[in-house]
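Take a look at this one chain, the form predicted on its own, written out in C-alpha cells.
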Amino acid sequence: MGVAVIGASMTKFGQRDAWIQELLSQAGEECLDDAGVTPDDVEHLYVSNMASGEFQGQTGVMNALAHDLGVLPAYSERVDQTSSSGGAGIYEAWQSVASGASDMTLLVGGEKMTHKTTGQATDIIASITHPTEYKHGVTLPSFAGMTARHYLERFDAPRESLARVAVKNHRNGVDNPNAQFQKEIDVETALESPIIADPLRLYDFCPITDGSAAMLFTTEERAAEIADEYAVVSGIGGATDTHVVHERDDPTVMGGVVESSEEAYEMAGLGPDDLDVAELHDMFTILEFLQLEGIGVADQGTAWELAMDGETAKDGSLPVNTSGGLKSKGHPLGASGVAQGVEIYEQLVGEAGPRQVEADVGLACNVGGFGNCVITTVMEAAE
C-alpha cells in the first residue's frame, strides 16, 4: 500500500523555555492544522524521543501527548533509536500505514536538552557507546576527531573542506526561520575557532538543542482525496553496524548508511543519480562526507571535493542540508530525523520558501550513535 505524507511542522529549534510535553504538543497541533485533519482521525501516534527520562525525569511521553492532542483512543508508542529515533519514527509510521493497521498516523519527535550543562548532556549522549569504550572516556566528539584526522590524511583532503561544510550549512540556516543559528560564518572563522577534538574545531560540531517536529502519514488514496499537494514515501531502509566502532573494517565507511540506502533505493526503484535534494546527519562536519559516500553520491575518499567545488550548496548539482542541517538548524535528538523528513516534504511540495530548490526526489539519512544504526528514507513528489 502506498504511503503519503500530507502535513508537517517544526517548532523553533534552540534554547526553549518549554519542557518536552509542551514542545511535542506544539508540533503535533501545528502538523494537524497544516494537513487540515482533526484529532479524531488519528489512529496511530508515534513519539520519537531518546532520553526524556534522563534529561527531564519524564517517561510515558506518548501517553501524555495522546491526551494533550485529544487523539484518544489512538494506539501510541514511543520510538527510541538514540539519535536516529526520528528516522526510526518515520519507519514505524510508514509501516503502520503500509501494513493497513492505520489509515492516519501522526509522528512527533522531540527532545528537551539545554537545561543541562554541556558536560551533563554529553555524558547522557555518550551512554549510547559500548560500555568498554564509555569506561575509557570515549565520547562521540572524540570518535569524530579521530575519524576526521584519519580521513584527511588518508585521502589527502584539505582541512578547509570540512570548514566549507560548516560555512554552507550556516548559510542555509539563515533562510530557515526555525533554525537555532541564523548567522553566516566564513572559512577563516571556522578554521580559527577553538579546538574541540583535534583536528575538529567548534564550528565542526552541532549545538545542544531543544525542539520538536511532526509529520502526518496516510494512504496515497486518502491523500489524493484530502490534499492538493503531498509527498510519497517511495523507499525506506534501516540497518545497523558494529556497536564497538574500532571493530569496523574501515573507520571511514558507515556500513549502516550503505546498507540502509541500498535498501531504500531498491524499494523506490531509484538510485543516487535520481536525487534532487538530501538531508544528511551532520552532527559533525566529517559525517557529511562519510554519508555522501555511503549513499553512493561520491566514491570513497572524494566527497570532500564536492564541498570544495560547491556541488552540495543550494545552487549546486545536489543541494545538501538546505534546512541548515544539524550543524545550524540544531540537533534535539528525537526530533532531528523527523525534522529532516519535514524539510524533504516541504521541498517536494514547494513550501520551503527561500530555501526552495527544484526537487521531485529527496533523501533523508538519520544516524544513531556513530553509525551504530541508520534509517534512510527516499520521498517523491506526488504525480
Partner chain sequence: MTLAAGSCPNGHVSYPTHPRCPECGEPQDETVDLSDRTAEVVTWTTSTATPPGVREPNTLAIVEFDVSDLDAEDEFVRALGQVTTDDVESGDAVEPVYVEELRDPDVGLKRETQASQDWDGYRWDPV
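No experiment lies behind these values; they were computed from the predicted model shown. Residue numbers count along the first chain shown, from 1.
Below, we turn to the form predicted together with its partner chain, even though it does not appear here.
For the three residues Q120, D198 and H246, which mark the spot I'm curious about, does each lie within 4.5 Å of its partner chain in the predicted complex through at least one heavy atom?
The answer is yes; Q120, D198 and H246 each reach its partner chain.
Please pick out the stretch from 142-150, 176-184, 99-107, 227-235 that is in contact with its partner chain in the predicted complex, where contact means heavy atoms within 4.5 Å.
The contacting stretch here is 142-150.
Here the chain is shown alone; which of D309, D80, E220, E133 has a heavy atom within 4.5 Å of its partner chain in the predicted complex?
So the residue touching its partner chain in the predicted complex, by this definition, is E133.
Looking at L191, I124, L270, V253 here, can you tell me which has any non-hydrogen atom within 4.5 angstroms of its partner chain in the predicted complex?
The residue from L191, I124, L270, V253 that makes the contact is I124.
Do L72 and its partner chain share at least one heavy atom pair within 4.5 Å in the predicted complex?
No.
Consider G137 of the chain shown here, and say whether it contacts its partner chain in the predicted complex, taking contact as heavy atoms within 4.5 Å.
Although its partner chain is absent here, G137 would touch it in the predicted complex, with heavy atoms inside 4.5 Å.
In sequence order, which positions of 171-190 have a non-hydrogen atom within 4.5 Å of its partner chain in the predicted complex?
Heavy-atom contacts to its partner chain in the predicted complex: nothing from 171-190.
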